[in-house]
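Shown next as structure tokens: one chain only, the form predicted on its own.
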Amino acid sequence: MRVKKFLMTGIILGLGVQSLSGCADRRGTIPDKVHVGVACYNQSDMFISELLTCLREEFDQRGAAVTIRDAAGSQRIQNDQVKELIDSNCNVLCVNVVDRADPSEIIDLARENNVPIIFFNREPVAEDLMQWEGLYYVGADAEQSGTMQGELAADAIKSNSRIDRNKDGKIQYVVLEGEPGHQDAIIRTENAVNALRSSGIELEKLSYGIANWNRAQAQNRMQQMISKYHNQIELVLANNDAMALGAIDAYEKLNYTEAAWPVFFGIDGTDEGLQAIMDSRLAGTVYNDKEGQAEAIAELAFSVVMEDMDDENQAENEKYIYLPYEKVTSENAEDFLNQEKTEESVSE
């Protein structure tokens, strides 16, 4: 099962000793109550919505005041929202940046006002994160998620000869990708395909579609690919669960029987994705530990604002917290769902 608290205390303490030094001087006096500003790229994103729920719960448990703003996919709107959050006297910002290659205005605003930023889920380029000591990142390793997805697909293909429906010894596949040029989308796709080939699976790529992490867009792109390739598609690799579910929606809308479906694999382990695995619709996914990331963000935020750090132990590059992914199949999907329900009931 999932390693929920992946050395969390050690990670945060390590960062606290090594790279949060100087924060006491930067923030001035320690506040009576931590006020957290959260800026997300698009709350309609299935995984982000679930992560934000976990994050709010973590801050509520710690007695912090939380303000969440949704940029709905616009970097300009997010820049304005960050300014608003800073003007409302937030002590720390948690930013799920819209354009990972363009955080400069947000960073400048934060630095000018001495408000540290914890970026999460959408990782800025390293050069941007090194602009100022008050910048951090919490997330997961996109390469690991792609590799695990490919390994899951390879295991399924090796254990079920019916996946190669035309019996040509090759797997004809399509890919549903996130945003064009987005680092995580590129890395997830490349590593999934590489893992399949490394496992000895011969592949033939038929097509791909950009669906911007969105279920409805994925359904549309998948319908276009089905209209061209019909029953030739044997495997669908989607960069996230929402797009995998959109691909399934396309087959259902076109009235394909489940026997004529390819196998579908997602990434993130969203609630709907886990349920789809239990219903034998989605073959597998890779769990992106939203609970662990939310806990890491909250603990880091409080360390930044409240802890008294030691300047002598600062280590410049200790700015990252990565939590591990985990493979999910029909054998353990129920465990993940039950664990989430247990955590929700405890938090209530």
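This one's a predicted model, so the numbers in the text were calculated from it and none came from an experiment. One-based numbering along the sequence shown.
Another form, the form predicted in complex with a small molecule, is not on view; read the next lines as being about it.
The chain is drawn here without the small molecule; in the model of the complex, the stretch among 220-228, 121-129, 201-209, 166-174 whose residues come within 4.5 Å of it by any heavy atom is 121-129. The small molecule in the model of the complex comes within 4.5 Å of a heavy atom belonging to D184. Contact annotation: D45 falls within 4.5 Å of the small molecule in the model of the complex, judged by heavy atom distances. Within 4.5 Å of any heavy atom of the small molecule in the model of the complex lies no heavy atom of F59.
Although the partner is absent here, Y41 sits close enough that one of its heavy atoms falls within 4.5 Å of the small molecule in the model of the complex.
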